[in-house]
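Shown next as structure tokens: one chain only, the form predicted alone.
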Amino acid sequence: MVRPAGRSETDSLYFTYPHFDPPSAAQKNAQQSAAVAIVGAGPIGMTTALALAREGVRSVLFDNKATFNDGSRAICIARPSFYILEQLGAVAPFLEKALGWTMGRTFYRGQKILEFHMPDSAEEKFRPMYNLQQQYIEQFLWQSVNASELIETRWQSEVTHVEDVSGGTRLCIRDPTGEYHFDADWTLACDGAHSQVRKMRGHRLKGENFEGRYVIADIQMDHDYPTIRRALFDPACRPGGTVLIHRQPDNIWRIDYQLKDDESTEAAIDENAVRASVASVLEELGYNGAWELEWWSVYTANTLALDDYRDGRVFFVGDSAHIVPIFGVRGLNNGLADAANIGWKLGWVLNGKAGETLLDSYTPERRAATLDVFANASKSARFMTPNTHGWTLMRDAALSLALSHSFAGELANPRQMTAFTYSGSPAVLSDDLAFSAGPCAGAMLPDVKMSDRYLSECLGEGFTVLCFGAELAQGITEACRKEDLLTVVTLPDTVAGTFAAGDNSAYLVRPDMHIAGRWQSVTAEQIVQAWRDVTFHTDLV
């Protein structure tokens, strides 16, 4: 990560980085153990801590930095992630600052070949995608973390060792005053792509590396182009390459441009080379106004993952478990879904609301989601940066065809991220084949706008049963006396079509808004038993 000469790594044109002191001796002495230790206080670590706090579980966050990550880094937040942020009570500042967008345009040799529109309508609660720099993402999450009485954060605290002990884990922590040990029942590694915890535990990511290299450059300029994704293939400014442009808040624009095979990375990230490359892109866009260089970096596209996201009482979350190409903006969003998934499950186990077997569903669900991301992102990556001569010929032929045939332009569609369906998960029941339509078991619950609010606003903090029929709802309420575990909601007939539901139909929704099971016709007793099956628990009534 590089900034212009004369500026430090946190000397930004638009963002003021806070400074966090290491923990005091009194703070460390006051708490020497916790139910959960989280390594890494980036977006994934903080989201995981908030997900645990939502379940009433205390955690301690450790991070070796003294401030947030430098640079804008991950900038695109998808609609499913906004539902996660809303559940955690952190969404308000994101909505105020982020720039929502719904469409993109793709150009080949200066001619538009595709304009794609992501599913959206006035009935949707959130836009399909939002642009927001990672510094703000971390700042807004930190506001919620810092306000929580259930989360302690220890900055400038490097985890140098994680070992198994009876009934838990022991961490060795090094900070500016020395070293000490910290015991935790569970440890969650949220320490990113270069995860030290992953290395300490002897694991390595496996998968595919793509040859294409991109420079990311953030600039500040007063440019009136709308907030949409622009992709330029074989532009005059980078012949044979690809350029991506995104607008961000504070007049910051992200420009990603592909390096040629014969360009050395070292030469390409020289400040003069970056300035010249950015200037040529702006000329291609027809922009001739003033601009300032903010920050730049370089990346390659990879599809890498662990075979198992769990090692005993250590779980890997986000980039510590997997690395995905940025095409389709899936990296951050996939990590946030990891955090929400392990957060509610571990919280329920620690609270005695679920059996420990529930934790066995984390890897099957989230690794399957990652492999699905790989399948989609790899298509985009091969189109953006063909890794063989054959792929290059096919890509260029498709782009040439798109100049005169619109259908070919769809091959350049980045296929934005959508929530994964957890079919076959041990924490999801077999789908009821009596349904002819509607969201299946394992899918994320679709949000619908009702007369005075959205369906998502009717959900409880635990499991929710969506019932079609007052008699069924009354029976479930009577069968389940622990209201904090099951919230019963009777839905109006106006939304029955969305769920392909009839009288006595029901959907069982998990705390992460994924559907645990659905029934075209069901009894209260079957719902209670379904809850037991999904949570691996017997004590509900």
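What you see is a predicted model, and the numbers here were worked out from it, not measured in a lab. From 1 onward, residues are counted along the sequence shown.
Quick note: we don't show the form predicted in complex with a small molecule, though the next part is all about it.
Segments offered: 187 to 195, 424 to 432, 104 to 112, 362 to 370. Contacting the small molecule in the predicted bound form at heavy atom distances within 4.5 Å is 187 to 195. Shown here without its partner, the chain carries F82, D447 and T464, none of which come within 4.5 Å of the small molecule in the predicted bound form through any heavy atom. Comment: the small molecule is not present in this chain, but in the predicted bound form one of I269, I216, I245, A443 has a heavy atom within 4.5 Å of it, namely I216. The partner is absent here; in the predicted bound form, the one residue of Q134, S456, S144, Q220 having a heavy atom within 4.5 Å of the small molecule is Q134.
The closest heavy atom approach of K353 to the small molecule in the predicted bound form falls outside 4.5 Å. The closest non-hydrogen atom of S157 lies within 4.5 Å of the small molecule in the predicted bound form. Using a 4.5 angstroms limit between non-hydrogen atoms, R254 touches the small molecule in the predicted bound form.
In the predicted bound form, the small molecule sits within 4.5 Å of a heavy atom of A74.
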